[in-house]
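Consider the single chain below, provided in structure tokens and representing the form predicted on its own.
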Amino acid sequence: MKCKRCRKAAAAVDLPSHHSAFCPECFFVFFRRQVEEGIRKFRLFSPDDRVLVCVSGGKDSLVLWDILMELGYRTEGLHIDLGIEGYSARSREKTLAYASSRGKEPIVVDLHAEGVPIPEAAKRARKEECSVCGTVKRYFFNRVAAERGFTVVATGHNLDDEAARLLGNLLHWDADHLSRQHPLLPEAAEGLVRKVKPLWRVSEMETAAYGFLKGIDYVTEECPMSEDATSLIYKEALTLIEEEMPGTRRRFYQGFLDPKNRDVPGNPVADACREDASKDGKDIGEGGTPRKCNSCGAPTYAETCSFCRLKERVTKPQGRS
């Protein structure tokens, strides 16, 4: 099969959802344009911004850092060592190796040193690992960005991630999460830094192809803590539909983001989002007016931020069983 763009070279990447197939060079052009359009459409950031890219060592975050550097944005990487035996060491190694190859030295937060390694924190707090991990990562994403003068925090969530999250939120009619599911969460008072997802237009397969063709060495294994994550079930369900009807995943998520669809009379998603947006007393990123955490000073919508509440439970002396 020939490349659908140049009509000369052999196609290396087949994209049924776009009715296209590209040779490596033309695929890079396609990928770059998708990311550029994703940034432009919602004005995620500008060349004047300082972007903190959260890099886990996996394909999506390293590809994100790579493409943003290629596009000329001012970026630095942040790696959070989750304290997961074996997996975290490999993830950190891949991150440091990639950064070194690009003349960069990422900021590293070690959760062992912070007293909240994810497996131990989840066990002591009696909460699911993914929930604890999300709380801790969001806290340090914002804290590092605010302390070091970054204007934007960028994560590597791709189209598959966002569509799966949307499916889960719709199945549970989670108005709270639906109201803030967007590639852009604006900055707010008390040091709440803007959060963006520049890869929202590209699929997981496309980021994997970009990483492979670029020779980016990343961790290929899934986080061992995520084996029972419901998001994987939603991803699998959407993949089955996508195989039969290419482009469904893209239309599903982009349709949700389209403002015209929010204006349809009786739209339950829009109604739920509007109703939830009026609520207060929530934590970071959940609406309302931010205030400073009574314990650490981080932005929160409660008296004490979720990270400090978690850390209090983790460090509290354990009673006898």
Partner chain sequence: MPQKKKEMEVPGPRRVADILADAGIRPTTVIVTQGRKLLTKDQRVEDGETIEILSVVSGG
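Positions refer to the first chain, counted from 1. Just so it is clear, the structure is predicted and the values come from calculations on it, not from any experiment.
Form predicted in complex with the partner chain: not shown, discussed below.
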Proximity to the partner chain in the model of the complex (heavy atom, within 4.5 Å), stretch among 197-205, 108-116, 180-188, 95-103: 197-205
Proximity of Arg90 to the partner chain in the model of the complex, heavy atoms at 4.5 Å: yes
Close approach of Val193 to the partner chain in the model of the complex, 4.5 Å, heavy atom: no
4.5 Å heavy atom contact, Asp66 to the partner chain in the model of the complex: no
is_contact(Ala122, the partner chain) in the model of the complex, heavy atom dist at most 4.5 Å: no
Non-hydrogen atom within 4.5 angstroms of the partner chain in the model of the complex for each of Lys59, Glu221 and Ala229: yes
Contacting member of Gly149, Gly134, Gly215, Gly72, with respect to the partner chain in the model of the complex [4.5 Å, heavy atom]: Gly215
Contacts with the partner chain in the model of the complex - residues in 7-43 whose heavy atoms fall within 4.5 Å: Ala11, Ala12, Val13, Asp14
